[in-house]
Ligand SMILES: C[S@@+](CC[C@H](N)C(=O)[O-])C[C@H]1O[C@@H](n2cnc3c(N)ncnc32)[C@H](O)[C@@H]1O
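We begin with a single chain expressed as structure tokens, specifically the form predicted alone.
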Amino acid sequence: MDITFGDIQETALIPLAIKASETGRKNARIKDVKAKEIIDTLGVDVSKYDPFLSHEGVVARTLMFRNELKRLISQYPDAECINLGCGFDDKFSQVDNGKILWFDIDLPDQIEVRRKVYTDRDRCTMLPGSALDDKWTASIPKKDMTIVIMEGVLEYFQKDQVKTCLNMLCDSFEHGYLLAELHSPFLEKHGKHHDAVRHTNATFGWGTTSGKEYLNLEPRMSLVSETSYNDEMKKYSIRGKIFAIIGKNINNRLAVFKW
């Protein structure tokens, strides 16, 4: 595997390091062999990207996104799925039912590095593209149902960029669901203190108290559900239960939108 530390944006290292760390644990809640392979290949100390709360948050969101995806795919077994801003994520192998059509989309430089790790598979294709323009959508066949996944992406967007993205999705695909990670105004203001992201140059964008705020930007969408990562994190540790209380309204959420 021809990949170096400089190939990877630091924000992409956070979920990679955490998934690799969790995979190596005795009673791992998630298994991501590819993440562990990448981290082992890099040969660098990534412990600063794997503090407790971020670790539990990434595990929680991985499980929550996977379970929601499986639920939707069971409802729409022939859907096309678009992992927009995919990084090194490999949700396809977690949820594939043998029928779905899957596209992993990210900026050209990220796709170039991703191709060092992954190859296109049957019904799973990598494409360069931005969440802020629709050029890549011309390469996507139009199907009755489109499921878009944006995990760890929108939290770095400003409000006007979020609007651009939502408008583009509704313009490009007639019917769809969006599974999105949302964050709070608290994190927008205090992101420099985030236990993992503070070790990178990234800054958080527009934070919301409810996914309903997204509907003002794109009225064609409706909010189906919204669930705090606390709901999953509190299952596994006392610290998770405590944080679910003191951080009730500041943890990230999985929001599901429909149009």
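Sequential numbering from 1, following the sequence displayed. For clarity, every value in this text was computed on a predicted model and none was experimentally measured.
Another form exists, predicted together with the ligand; not displayed. Remarks below refer to it.
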- Query: Since the chain is shown here on its own, which stretch among 94 to 102, 145 to 153, 172 to 180, 70 to 78 would lie within 4.5 Å of the ligand in the predicted complex, judged by heavy atoms?
  - Reply: 145 to 153
- Query: How about L107: is it within 4.5 Å of the ligand in the predicted complex, going by heavy atoms?
  - Reply: yes
- So in the predicted complex, does any heavy atom of L254 sit within 4.5 Å of the ligand? no
- Task: May I ask you to check whether T11 falls inside a 4.5 Å heavy atom distance of the ligand in the predicted complex?
- Result: yes
- Do V117 and the ligand come within 4.5 Å of each other in the predicted complex, heavy atoms counted? no
- Sequence-ordered list of residues in 113 to 134 near the ligand in the predicted complex, where near means a heavy atom within 4.5 Å: G129, S130, A131, L132
